[in-house]
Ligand SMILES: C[S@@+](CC[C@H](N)C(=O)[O-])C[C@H]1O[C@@H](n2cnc3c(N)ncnc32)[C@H](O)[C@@H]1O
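Next up is one chain by itself, shown in structure tokens, the form predicted on its own.
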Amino acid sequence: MSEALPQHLHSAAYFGEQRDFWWNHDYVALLARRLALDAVIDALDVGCGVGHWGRVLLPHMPRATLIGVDRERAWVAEAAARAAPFAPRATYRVGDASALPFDDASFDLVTCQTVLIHVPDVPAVLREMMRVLRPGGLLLAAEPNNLADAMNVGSARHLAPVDDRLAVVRLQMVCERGKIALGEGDNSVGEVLPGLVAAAGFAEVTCWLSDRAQMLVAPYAAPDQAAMRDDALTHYDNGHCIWSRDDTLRYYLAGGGLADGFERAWSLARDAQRADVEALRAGTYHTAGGGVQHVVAARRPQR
């Protein structure tokens, strides 16, 4: 990510180099064949950030032009810069997922990646996506179940005391509930997304899982492993444990956590993170890796 980009903007902590390795290219090629992405002419990437997802899909949509929208002007500018190899097929503009600045029935494909986890009203955004889709057009959403990832801890904590591991999972669960209560999104919305898509009126709802494992084994020399290691170290050094301490406290209290219990919960989470980081720095950390990333596809009905 460009050093000039403001780090306080939404999702800045997750736009590092590791995001370039979220998908296996042969898996995306398989999705493209299943969904006939080569037939897409007009595509919209909602909540595009700095354009990672659009750049993953564009090689599989040889006839398509893609417009990315994001509420952050800085991300829009960065996405445009990074998409230069695809110019003029990829353009970016400021826009909000809840009120897309496009006419009805404008696109063959409307897509997003880890966007619905941040919106307060997923059904409303899905209806807006349907509005700008043409009849028969494709919705493609890649959204995680982040709570499931809390149990995937790697070698440093694989045999840690049961209560310590569960305390970290509990902290994340309470905070996810608090994030929902504050209207800032559901970090594990992927778990229920197919049903939400069906309830919004879409047809032919289908769901798959990404096959990307995100393995880490020393010496972490491959580009993807080096990026994941560096990302973990940066998060720790910046005091970022899923969220910043301030955001974690906000979510914890909003999720029903008690103020006098937060310091212990935060300390346990940071201790767990420290164990991973120390093992990474020593070259002893290893994990099969992987998170639960759902890929949900559906069609706007023809009538």
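So that there is no doubt, residue numbering starts at 1 and follows the sequence shown. Please read all numbers here as calculations on a predicted model, not as lab measurements.
From this point on, the text means the form predicted in complex with the named molecule, which you will not see here.
Remark: residue 78 does not count among the residues lining the named molecule in the predicted complex, judged by a heavy atom distance of 4.5 Å or less. In the predicted complex, the named molecule sits within 4.5 Å of a heavy atom of residue 115.
At the 4.5 Å threshold, heavy atoms of residue 15 reach the named molecule in the predicted complex. A residue is said to contact a partner when one of its heavy atoms sits within 4.5 Å of a partner heavy atom; residue 72 meets this definition for the named molecule in the predicted complex.
Of the candidate stretches 116 to 124, 197 to 205, 130 to 138, 148 to 156, only 116 to 124 has residues whose heavy atoms lie within 4.5 Å of the named molecule in the predicted complex. Contact with the named molecule in the predicted complex, judged by any heavy atom within 4.5 Å, is made by just one of 164, 230, 211, 96: 96. The listed set 240, 52, 250, 60 contains one residue whose heavy atoms approach the named molecule in the predicted complex to within 4.5 Å, identified as 52.
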